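Encoded as structure tokens, the following chain is the form predicted on its own, with no partner shown.
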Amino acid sequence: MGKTVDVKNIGLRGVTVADTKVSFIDGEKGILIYRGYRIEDLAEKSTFPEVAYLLLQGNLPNKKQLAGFNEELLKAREIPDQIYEGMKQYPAEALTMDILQSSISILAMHDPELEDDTREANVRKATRLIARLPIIAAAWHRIRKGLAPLSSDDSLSHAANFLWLLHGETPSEEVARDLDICLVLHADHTFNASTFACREVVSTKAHIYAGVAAGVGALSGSLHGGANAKVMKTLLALEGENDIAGWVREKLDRHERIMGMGHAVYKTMDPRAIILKEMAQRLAKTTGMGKLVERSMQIEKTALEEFEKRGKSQIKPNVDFYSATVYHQMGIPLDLMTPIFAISRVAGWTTHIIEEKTGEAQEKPALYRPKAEYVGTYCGLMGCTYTPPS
């Protein structure tokens, strides 16, 4: 265990709460690794199912193991009819993240292995969750538009099948591969807010679905997964802006935040953002959205110059800044950008949950029970005296 430090009032930053073998970040050097592998190598050479297997099992699969894992994902693509029927009753304006969270609880009710807390059973449950979250998100998108959900196409990859279920069109190999890379990039990120939420919940001996539901709830916030949608809203609102540099300077002069800039851990550019920036530029050559990407780059350029002048050179683009333009070019609605984050991060969440439950990276799992410092009213040595209402 690493040494803890006193960081009162800054959200436990810098406090080591547990050991992990899942992933590692060097924020000073901009390094992210999953199970020892650099994110750049995985994004270039691997696939999301392969990375999900790596996270869950601790090693990259051979061809036979990968084929078996892909087969398990295919078998798990069906979801209970109760979820579809419930969606038809929900208000169309319901948040997709809320739909995901509530649906996860329904999945728990239908899982025959719910009370089996062995590692093997939890890996199977994790596989089912990885397979089903994309089905749920895509089904909700169609149902809220008055369309019938589509059936999965078992000839398509994990990423390509999601795009098919969402749009009703088979995506090009290039776009499907780009989404697959996005899923790889988002699959895990050590003890971020949502992952910590998952681990904290299951430290009570709650089941894996309860942990994942907590992760979805944490991810829904605008300071975590919801940032990418806010980035996209900003870019769309600036469509008619002729002075992007002036807009950036004015915003910083008002001490306002530019969404997608800065990170709690990275002091240099997020390595995932580097990959997504190149992807956004490449996609623009076929989508015709070059002006949108150029707008992003203008904001980045001016912001970095201004941060340098203002002594904040450590603030760089994070994963949300360019994932917004990438997803938009794939035809993904704003309110589905964070759910896609969840569709990927469920691989990391479930891996951390299993690690927490089994104590794989520490002597034994411990119930998380942080201490709070009371700063409220205090009346006398024995507390305030209660007086009944007259």
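A quick note: this is a predicted structure, and the numbers were derived from the prediction, not measured. We number the residues from 1 along the sequence you see.
Omitted here: the form predicted in complex with a small molecule. The next part is about that form.
In short, of 105 to 113, 131 to 139, 233 to 241, 253 to 261 it is 253 to 261 that has heavy atoms within 4.5 Å of the small molecule in the predicted complex. Contact check for T286: no non-hydrogen atom falls within 4.5 Å of the small molecule in the predicted complex. Using a 4.5 Å cutoff between non-hydrogen atoms, R13 counts as a contact of the small molecule in the predicted complex.
Contact between I315 and the small molecule in the predicted complex is found at the 4.5 Å heavy atom cutoff. In the predicted complex, no heavy atom of L147 sits within 4.5 Å of the small molecule. Residue in contact with the small molecule in the predicted complex (any heavy atom within 4.5 Å), chosen from A227, A214, L183, I275: A227. Checked against the small molecule in the predicted complex, the candidates K309, K291, R282, K267 yield a single residue with a heavy atom inside 4.5 Å, and that residue is K267.
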